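Consider the single chain below, provided in structure tokens and representing the form predicted on its own.
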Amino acid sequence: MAFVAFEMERYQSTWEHQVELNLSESGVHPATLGELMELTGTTTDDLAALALEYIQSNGGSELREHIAAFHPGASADEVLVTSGSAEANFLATWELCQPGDEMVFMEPNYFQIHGLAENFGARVQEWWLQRRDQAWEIDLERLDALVSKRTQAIVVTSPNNPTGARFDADTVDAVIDAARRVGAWIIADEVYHGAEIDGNESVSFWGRYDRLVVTGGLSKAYGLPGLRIGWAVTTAQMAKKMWARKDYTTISAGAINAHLATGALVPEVRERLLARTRRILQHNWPILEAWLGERDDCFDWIAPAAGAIAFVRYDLPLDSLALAEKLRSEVGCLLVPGAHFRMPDYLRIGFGPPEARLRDGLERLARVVDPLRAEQTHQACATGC
């Protein structure tokens, strides 16, 4: 079987440190080590005294207790600490997707689990969000039609990447009902939970169903992607099964990373980090929305509810891969083409950088987009005016 490459991640990894302006990220501008040390009260002496040893491979008890604390009813035994949420997703998929299994996968979506499932020999049933009025909505009728006794897992990202959509309690419960009907597991990637622009946290899948793996991490909502700390919260039995598979991957997180993550998830520090993220989102979204509004002849969008991402439909004479490459090569600005989400007439624009960099990036986008708009208008007039 041919290996399925992760196209979006390969594209970003290739270019994100080679361009002058990176608008491909879905999180806010990262906090510095100094900022985190100040927030947590960590000193340089504390770090200097830290033994660079293998740490508890499923995560230290204090860190797991902090993670359990914001998943009501969870215990530390139901938490597995991983190297980023990507490893948590990997381990859950590896455990739940065997050759011949079926998985129902929400789209558009971050394609990691989709590609993993295919590489593990599972059949992926694609379940698309519907764009209705000014919202992205889950198609519950389609979900019910796809879920069968062959369904091993249903995969959701909530809040969603790339749309920034979030889902209400009735919708979450309806997804759970579909899984319960056939005894399927749910993998709920909640890495954007806490990054809601209005400050009202999304409804979590946690605590509503027993055959559930909720994954998350410090990258998106916390602005700490470089720590590479993620987690899975699930049943104690499933946590042990995933931990056994982790023995084949990273074994444990880094000692320094886990030490800093433990401080970051102390409740009062956690709240301050989430507040920082919300301030950035609330400040930056109107800047991007105004820029799009000035070009509403070619852009159409639904305002995101969470995450530093806008998924924007456009009408220009280039497909998204070609347009993204033109932006990268001509003006040094990177964003994610909709083709990486199988929606070729969309772009995912990140609005999490500092204001000056965001405005610079948008000015560079304008240098490419505005001439294309003018050319399209000219051609339309030439044929129809």
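Don't overthink the numbering: it's just position in the shown sequence, from 1. In this text the structure is predicted, and so the values were computed from the model without any measurement.
We do not show the form predicted together with a small molecule, though everything after this point is about it.
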query: Residue (of 262, 277, 157, 202) lying close to the small molecule in the model of the complex, criterion heavy atoms within 4.5 Å; finding: 157
query: Heavy atom within 4.5 Å of the small molecule in the model of the complex - residue from 86, 106, 288, 74; finding: 86
query: Residue contact check: residue 93 to the small molecule in the model of the complex, 4.5 Å heavy atom; finding: no
query: Partner proximity in the model of the complex: residue 192 to the small molecule, non-hydrogen atom cutoff 4.5 Å; finding: yes
query: Non-hydrogen atom contact residue 228 with the small molecule in the model of the complex at 4.5 angstroms; finding: yes
query: is_contact(residue 206, the small molecule) in the model of the complex, heavy atom dist at most 4.5 Å; finding: no
query: 4.5 Å heavy atom contact with the small molecule in the model of the complex for all of 125, 152 and 185; finding: no
query: Interface stretch in the model of the complex with the small molecule - options 93-101, 248-256, 218-226, 291-299, non-hydrogen atom within 4.5 Å; finding: 218-226
